[in-house]
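This document starts with one chain, in the form predicted on its own, laid out as structure tokens.
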Amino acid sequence: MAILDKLKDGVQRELEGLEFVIGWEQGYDPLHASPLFIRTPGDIDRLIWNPLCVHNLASYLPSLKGRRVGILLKGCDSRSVIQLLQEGLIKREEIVIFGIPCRGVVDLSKIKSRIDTSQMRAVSLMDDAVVIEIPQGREEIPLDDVLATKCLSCQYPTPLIYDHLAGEVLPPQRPTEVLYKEVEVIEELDVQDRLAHWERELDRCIRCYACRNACPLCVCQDYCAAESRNPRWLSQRAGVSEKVMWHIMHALHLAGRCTDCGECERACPMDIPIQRIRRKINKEIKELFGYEAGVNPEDTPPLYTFKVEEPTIQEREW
């Protein structure tokens, strides 16, 4: 049975005991998928699964605490759920998880950089390619060429937590050494060059907070420091120093919590490589505390604990 058929069958069996199931449906054009809230058996036919299903649906869960719902999760998405469970922001008994082994999703900006999608007539997906029909003919783009950045180093193609799994468990298919490759390139720069690099990148920021709004772990949006006036952490000035301040603050609030789902970078309208900042902090957390966010539901995030002396830091020897 195909993965989509298994998903539909599982949703059909569980739907009666749930308020709804969150999945994906065809979006406003052939190249986009949109979140779908399945409330009735008739909605199940709208469900889709393919590499265009890029959204991390776990972002909806904190606002649904107290309601019993179902959700479709890729491997990277499942890490967000585990992190939310660790922090007590959702309850496991309230969620039915339909896990999907995933070989990668596309980065639509990479497709748009190769072809004028405004003229597309249809999109079809093969195992290893995206085929787009335009007036001039068919453009076949290798899937590996347009995969999202997170997929190029994915170590968890199979969800780490689920009630139903629609397919076979997939082993990691990407080498671990590429995970922090982009971070290491920036680390090789001296301090002044690093600052200049990030000032150039972050100067494009329009402070729309799409990165915050898309993040499944940014759960204090109603009390966000970016919009607080008492205390006043940020002004409304549009200079690069204010933009850098916002992104540093945002990244540090996610220290030890970011699951590398890439939603912040995907949502950014200015194509800022925000995920590299998160990965740098993830790298430091892993080296200092041996912790990777959203992997083990029984773990406690390192910044949620206190030790007089950390084994890897050993302040008394300084």
Partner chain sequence: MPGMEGTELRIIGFLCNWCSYGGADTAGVSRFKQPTDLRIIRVPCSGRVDPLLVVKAFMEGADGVLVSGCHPRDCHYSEGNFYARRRLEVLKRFLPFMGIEPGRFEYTWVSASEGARWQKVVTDFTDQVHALGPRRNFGEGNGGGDIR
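Positions refer to the first chain, counted from 1. Superpose the two forms; the largest set of C-alphas matching within 1.5 Å is the rigid core. Since we're looking at a predicted model, the values are computed, not measured.
The same protein also exists as the form predicted in complex with the partner chain; that form is not shown, yet it is the one meant from here on.
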Worksheet entry | Position in contact with the partner chain when the complex is considered in the model of the complex, options E177, E168, E93, D193, heavy atoms within 4.5 Å | D193
Discussion item. Going by heavy atom distances of 4.5 angstroms or less, which of E19, D299, E14, E310 would be at the interface with the partner chain in the model of the complex?
Written reply: E310
Worksheet item: Are any of the heavy atoms in Q173 no more than 4.5 Å from a heavy atom of the partner chain in the model of the complex?
Response: no
Practice prompt. Please run the contact check for R276 against the partner chain in the model of the complex: heavy atoms, 4.5 angstroms, yes or no?
Written response: yes
Discussion item. Considering non-hydrogen atoms and a 4.5 Å limit, does the partner chain approach L303 in the model of the complex?
Written reply: yes
Discussion item. Can you tell me if E292 lies within 4.5 angstroms of the partner chain in the model of the complex, counting non-hydrogen atoms only?
Written reply: no
Discussion item. Within 4.5 angstroms, counting heavy atoms, which one of the listed stretches 94-102, 73-81, 233-241, 141-149 is next to the partner chain in the model of the complex?
Written reply: 233-241
Discussion item. Taking the rigid core as the reference frame, tell me whether E16 has a CA displacement of 2 angstroms or more between this form and the one not shown.
Written reply: no
